[in-house]
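We begin with a single chain expressed as structure tokens, specifically the form predicted alone.
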């Protein structure tokens, strides 16, 4: 019994130290810093002014609203694109080939976000692969402006987030009994009815889990919107970045960071309530 307790503490203490030193303490310090405000006399006082400025200046909350709407739209798009693929890999293709295809899906994570983004820049630039190919075929005469637009930003974010949607959905679909689909088909149910009444409801916990991961990754992303979206793309994380590293206003940046966390969590809570999903079921 003592040996088991000793082993438990040997494993749990490094984890607790990692959580406390690298996550809990820095976040607590940032949270306290978010209430520090320098008044007109140059004296730092405790105040809600850093948080109130988000609502007082329309550029801040409009940027967050834009970021949230794009994040929700890309999350829905990720589901639409990946759900048929997840169903095919779990219910149609054999296990031997399914494992190989899943391995291919992991490649974007191996490459890394920054390299992936520059790859899309090569594809979408004015004289990149896509425009050069279209001009060569004679379909267009002049390059189509795709890079540094909302389109390129959406493509980049969608590509990098699809994997985090498809894996939870595949896990949920894998537990679906094939006999239910066969029975519904034998009784005359259409493919649409089978999908909406059997497949999607069964996979809903996986869909919700993947949706949460994709949404949080997108709304908190900085690299893809900044590089692919260009200067015309307003993303809330860019404003937080500017406070921390451009204006060196850490208190304001911390306040906006926690606002991002609270507002995005509120959106997730609202969507779970609307869809009737329970967080503990989604987490399992």
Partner chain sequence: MDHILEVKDLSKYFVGFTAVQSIDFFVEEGGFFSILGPSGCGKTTLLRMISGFEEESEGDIIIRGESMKGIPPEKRPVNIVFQNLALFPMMNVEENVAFGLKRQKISKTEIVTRVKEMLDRVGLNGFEKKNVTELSGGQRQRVAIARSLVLKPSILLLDEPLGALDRKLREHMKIELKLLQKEIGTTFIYITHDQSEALVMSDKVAVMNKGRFEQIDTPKNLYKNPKTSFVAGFVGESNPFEITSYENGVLTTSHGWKLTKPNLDYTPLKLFIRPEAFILNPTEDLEGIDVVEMKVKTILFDGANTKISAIITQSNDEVLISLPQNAQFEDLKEGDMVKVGIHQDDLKCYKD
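From a predicted model like this one, the values you see are computed outputs, not experimental measurements. Positions refer to the first chain, counted from 1.
The following text describes the form predicted in complex with its partner chain, which does not appear among the structures shown.
This chain is displayed alone, yet in the predicted bound form one of 122, 93, 180, 106 has a heavy atom within 4.5 Å of its partner chain; that residue is 180. The partner is absent here, but in the predicted bound form a heavy atom of 193, alone among 193, 99, 132, 73, sits within 4.5 Å of its partner chain.
Proximity of residue 141 to its partner chain in the predicted bound form: non-hydrogen atoms within 4.5 Å are absent; the residue sits far from the partner.
Heavy atoms of residue 112 never reach within 4.5 Å of its partner chain in the predicted bound form, leaving it off the interface.
When its partner chain is considered in the predicted bound form, residue 187 lines it closely, a heavy atom lying within 4.5 Å. Using a 4.5 Å cutoff between non-hydrogen atoms, residue 198 counts as a contact of its partner chain in the predicted bound form. Across the options 155-163, 142-150, 76-84, 198-206, residues that bring heavy atoms within 4.5 Å of its partner chain in the predicted bound form belong to 198-206.
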